[in-house]
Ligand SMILES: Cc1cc2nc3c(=O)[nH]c(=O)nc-3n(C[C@H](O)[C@H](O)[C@H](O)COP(=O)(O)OP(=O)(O)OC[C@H]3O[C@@H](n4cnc5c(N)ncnc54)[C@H](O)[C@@H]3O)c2cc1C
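Okay, so here's just one chain, in structure tokens, the form predicted on its own.
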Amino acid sequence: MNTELLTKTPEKVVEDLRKIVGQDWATCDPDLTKGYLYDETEPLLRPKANPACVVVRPGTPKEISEIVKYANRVLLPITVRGGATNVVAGAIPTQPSIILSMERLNQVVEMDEKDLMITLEAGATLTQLLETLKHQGRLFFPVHPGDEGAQIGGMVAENAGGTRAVKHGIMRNHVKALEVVLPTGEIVTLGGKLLKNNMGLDLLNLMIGSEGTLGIITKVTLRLYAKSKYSGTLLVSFDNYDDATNAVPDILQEGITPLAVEYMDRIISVKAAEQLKTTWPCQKGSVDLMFIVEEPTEDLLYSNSEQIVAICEKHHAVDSIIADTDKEQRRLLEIRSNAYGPYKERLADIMDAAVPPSALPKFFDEVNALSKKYNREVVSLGHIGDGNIHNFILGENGKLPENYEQLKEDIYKVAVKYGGTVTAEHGTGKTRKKHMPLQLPKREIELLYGIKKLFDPNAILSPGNIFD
């Protein structure tokens, strides 16, 4: 890479980029670029950003194409930046780079009610998508990673998940078409407004989850769904995680698929509520399951809710609470959404390993044993219906704990042992890639590197993400 261009003559790079995007949309002024250097990766974990970067904010796919062609000519790396809600350092430039911000490509292109599809530019946010659907009134989009400032293109590039995956899956399940600028500058459209498409190899799905390494997503077409009319939230408490985790498969086997099934250590719920100056309603037990149930009829909502509680009671539930008013449902969801808040200043890492749901009791057993072995507090919450658990590893006096790396690797090994994954929804990024060999065999990793080389022969796109 010819990074000397950025360390010695950044003004020349800015001048060249301004010829593509206009005078106002490229800069190397440190006061303006510093806000583009970091994402939401935990401060104790994130790598140091290289400040020798220029920021360019294109307004069209054609401008992005010209920027990419320029970067190939002069051999400069490009870090693609969406809403910067990433937590594995995906948007942090660790070498002198062109930071390509997608913020200006922020329009809702088409709302296609007949085909139940919506097309948005990649820089449009989840907030914009939800507001559009709120105005339309009858349709909804299920994926919600927790931060509505996330940009749609970034959600695709990260293959975002969230609480609703147990019923509706992850981002990959809903993307029908992408417009992409390839690393060599060509603009291509992958997929279409189709429910079936079997022509050739599936490059569309290859691009989903590629974290900015195989192309720059500029436009996204998503499938929409009819909105359920009735919803309710249940809290069911247990004395231990073993009973809680064993209840969930029995519920799913009955044909009841809640919108979300969340697991929370009680200590997290109580602290999250206190920070919001409210109270967690459950007193008995030490862990809670939160079920969000949505159904087309009120009778079905109540019937399924009663069945959920009955099954939980067979698994020794000690308490249950039904929140049937909108106000109480919102309060519980706000507390759940604030689970990160009380720990923010102490967090070393929010892990996101996943295992098959049936393996969760054994996974919890071994994680708790590791917590004791390393004398390190680990608290847990997560999307128990799909086996995705977030283990919080806490820092020590503003630093990573001395045994952090070994504890983290041991937790990953436990997940992989039970047929799981190192990362279920946060992505590989720069912080998880060194653990890839724990999960993937050597030949599979070689194939991944071969695909990267084919798409991006000069290795200019998002260097450090997934690949060395």
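Just so it is clear, the structure is predicted and the values come from calculations on it, not from any experiment. One-based numbering along the sequence shown.
FYI, the form predicted in complex with the named molecule isn't displayed, but the following is about it.
*Please check if Thr233 has a heavy atom lying within 4.5 Å of any heavy atom of the named molecule in the predicted complex.*
Judged by the heavy-atom cut-off of 4.5 Å, Thr233 is well away from the named molecule in the predicted complex.
*asked:* Whether Pro281 contacts the named molecule in the predicted complex should be assessed with a 4.5 Å heavy atom distance threshold; does it?
replied: Pro281: no, not in contact with the named molecule in the predicted complex.
_Just checking whether Thr119 would be counted as a contact of the named molecule in the predicted complex - the rule being heavy atoms within 4.5 angstroms._
The answer is no: Thr119 has no heavy atom within 4.5 Å of the named molecule.
*Is there a heavy atom of Gly146 no more than 4.5 Å from a heavy atom of the named molecule in the predicted complex?*
Within the cut-off, so yes.
*Can you pick the one in Ala160, Met264, Ala353, Ala244 that has a heavy atom within 4.5 Å of the named molecule in the predicted complex?*
It is Ala160 that has a heavy atom within 4.5 Å of the partner.
_the named molecule: the contacting residue among Ala165, Ala71, Met102, Leu289 in the predicted complex [heavy atom, 4.5 Å]_ = Among Ala165, Ala71, Met102, Leu289, a heavy atom within 4.5 Å of the named molecule in the predicted complex occurs only for Met102.
*asked:* Among the candidate stretches 209 to 217, 184 to 192, 293 to 301, 250 to 258, which one is within 4.5 Å of the named molecule in the predicted complex when only heavy atoms are counted?
replied: Looking at the partner contacts, the answer comes out as 209 to 217.
*Can you tell me which residues in 403 to 430 come within 4.5 angstroms of the named molecule in the predicted complex, by heavy atoms?*
Going through 403 to 430 in order - heavy atoms within 4.5 Å of the named molecule in the predicted complex - the hits are Glu425, His426.
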